[in-house]
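Heads up, the chain below is alone and in the form predicted alone; it's given as structure tokens.
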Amino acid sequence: MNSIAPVPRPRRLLSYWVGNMQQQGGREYQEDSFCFINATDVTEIRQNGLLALLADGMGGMEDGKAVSEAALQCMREEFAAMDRSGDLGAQLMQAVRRTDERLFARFMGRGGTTLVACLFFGEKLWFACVGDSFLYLSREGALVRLNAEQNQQHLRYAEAIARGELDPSPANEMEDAARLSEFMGSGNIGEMDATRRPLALQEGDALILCSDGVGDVLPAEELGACLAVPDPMQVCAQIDTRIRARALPAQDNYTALVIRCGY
């Protein structure tokens, strides 16, 4: 009698649960923008991926809100045109560069924004970042920052390392240490912090994208504590509660996106 081989069960694929929070701090205008693409459509995520975007318009320049919104619209169009069978890391970086050029053509360098772009596809993460917004990964109880701030402090320290000088203190003591060295809308991004190889995701991972109104206020250990609750919207509520409790007189606008991975 011939035996019938059991039909293998299809491999489970990661799902993503998302949450978001945005509040106006002590600023006159809200210049942060954010969006998710395909967050509620499992089929679209499987076929085309999930895109999470955060842009913090630069208040010291013109049209911060308009630039941050335009950056997200350009990135949405770039995302729709990507070849999913190609090198997604290279395509994401090119999408950011083309977006920067389009912003410069529209605003003529008078406005700028930061950008964090995260692409989830095939249980992997690609990201590209410009400016000083934050990207964190929580895995197995540890919260680590995945990107580096592109400001004068980090630029000068990188230059010092290239000269063989490893003391970070001169760069830390600069008067304009926090001034951005790269931003979207300049028309000529020199460097961006981006993945050349994707990061393999696993069950239990969580990502936090946040503007500096969050990242400069709450240290990593506090953000990690917020992740103790499972629901991403509850995580965002915890972040909001902690920022409000500080009641900083010069609180910047603040935005956070949370993506939790699981089966």
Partner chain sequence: MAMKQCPNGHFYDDEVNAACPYCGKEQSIINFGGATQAPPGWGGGGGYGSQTQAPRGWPRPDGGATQAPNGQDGTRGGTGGTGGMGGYGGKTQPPSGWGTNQTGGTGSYGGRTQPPSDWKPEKNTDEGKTMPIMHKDVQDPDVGWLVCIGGPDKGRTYPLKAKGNTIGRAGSGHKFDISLDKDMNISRDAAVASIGYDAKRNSFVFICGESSILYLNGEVAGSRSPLAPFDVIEIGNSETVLLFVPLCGSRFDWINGLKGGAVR
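Positions refer to the first chain, counted from 1. The structure presented is a predicted model; accordingly, all values stated were derived computationally and were not measured.
What follows is about the form predicted together with the partner chain, which we do not show.
J.: Heavy atom within 4.5 Å of the partner chain in the predicted complex: which of Ala178, Ala148, Ala90, Leu137?
T.: Only one listed residue qualifies here, and that residue is Ala178.
J.: Spell out, yes or no, whether the shortest heavy atom distance between Glu28 and the partner chain in the predicted complex is within 4.5 Å.
T.: Residue-level check for Glu28: yes, a contact with the partner chain.
J.: Given that the partner is absent here, does Met58 sit within 4.5 Å of the partner chain in the predicted complex, heavy atoms only?
T.: Met58: contacts the partner chain in the predicted complex.
J.: Is there a heavy atom of Ala105 lying 4.5 Å or less from a heavy atom of the partner chain in the predicted complex?
T.: Yes, Ala105 lies within 4.5 Å of the partner chain in the predicted complex.
J.: Does Ser85 make contact with the partner chain in the predicted complex, using a 4.5 Å heavy atom cut-off?
T.: Contact with the partner chain, no.
J.: Taking the partner chain as it sits in the predicted complex, which residues of 246-263 have a non-hydrogen atom within 4.5 Å of it? Please list them.
T.: Residues within 4.5 Å: Ala247, Leu248, Pro249, Ala250, Gln251, Asp252, Tyr254, Arg260, Cys261, Gly262, Tyr263.
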